[in-house]
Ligand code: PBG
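Shown next as structure tokens: one chain only, the form predicted on its own.
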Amino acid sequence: MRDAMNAYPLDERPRRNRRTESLRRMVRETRLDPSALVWPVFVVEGEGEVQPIEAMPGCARYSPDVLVEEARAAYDLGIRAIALFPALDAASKDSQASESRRADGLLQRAIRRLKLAVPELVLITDVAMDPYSTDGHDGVLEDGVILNDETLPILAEMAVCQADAGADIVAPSDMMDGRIGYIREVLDEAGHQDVGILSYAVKYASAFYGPFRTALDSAPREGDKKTYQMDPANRREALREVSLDVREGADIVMVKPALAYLDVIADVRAEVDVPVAAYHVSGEYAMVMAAGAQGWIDADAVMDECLLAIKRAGADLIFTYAAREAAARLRAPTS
């Protein structure tokens, strides 16, 4: 027994720091707090509307009045930001995403209502054409081609409209080249110098977006998004994308999806000095929830482990549909 003990010098016994829960908490390297979580939410027209999303268990589309109460409850859990996505009916969509630029459009009305009810809550708004477009693409489509430069004025007008309504941060998710600088200039000219830009700087052409596109009915009607979203095989290109967006004025940069791209999150964190966000996307969320519903895994424990992995990789902020439940667990008293 003595020989076995002597085989491990006193300074090479890391298990000592794992002996009790208090010790483990004391030396924990990565800490997750509810304020690091951003809750993505879907808003629909109407009053009293709560529309469960089958492909995303635990998630729903909310009318603005219901969303106010849900957002207030999220804030009380320690969540300090929500990301808003409009779910429109087909009649509200057209090829130019006109609904996105109406002062009294659904998203703008929801922003105003939320700002009046929960003024401390940070509102992050999506800037992209696909929720509003009849073709489901993020840019102007002509003869099967996405027109980059023709899309930029639409995105900028959309961002100003959202800022006018009270958005704190606009989040271009479209992946058009040059859009961060263009939007920054137009926001400043419109008197919105204090409105931040969170760029979806590294957004991969991922198969994990399916449930989200179902929730918004925003899947491409033809073709795919591979000509403007990133190739999942590319890692170095991510650093080029974030560096361009930071130079153009991005205040926060995003990597999306999160779990399948932890290496990229770590690379980006090491490269830039602005906050890094990561999006734990709908497919990543839905797989955990579906397996949990079958009793194959402990969904809460697996979800917490996923979020911790994203934080450990270097994300300052995590967009996740599990934000409220995770925040409640993080705030729960420990024995």
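When you see a residue number, it is the position in the sequence shown, counting from 1. Small disclaimer: the values here were computed from a predicted structure and weren't measured.
Note that the form predicted in complex with the named molecule isn't included here; everything after this is about it.
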| remark: The one residue among Val38, Val43, Val276, Val281 placing a heavy atom within 4.5 Å of the named molecule in the predicted bound form is Val281
| Of Gln229, Ser92, Gln108, Asn148, the one that lies within 4.5 Å of the named molecule in the predicted bound form (heavy atoms) | Gln229
| task | Indicate whether Phe85 is a 4.5 Å heavy atom neighbour of the named molecule in the predicted bound form. | result | yes
| said: Is Asp245 part of the interface with the named molecule in the predicted bound form - any heavy atom within 4.5 Å? | reply: no
| Does Glu241 reach the named molecule in the predicted bound form, with heavy atoms at most 4.5 Å apart? | no
| Does the named molecule come within 4.5 Å of any heavy atom of Ile197 in the predicted bound form? | no
| Would you say all of Asp168, Arg184 and Asp251 touch the named molecule in the predicted bound form, counting a heavy atom within 4.5 Å as a touch? | no
| task | Look at the stretches 184 to 192, 100 to 108, 122 to 130, 70 to 78 and give the one with heavy atoms within 4.5 Å of the named molecule in the predicted bound form. | result | 122 to 130
| task | Check each residue of 310 to 331 against the named molecule in the predicted bound form and list those with a heavy atom within 4.5 Å, in sequence order. | result | Tyr321
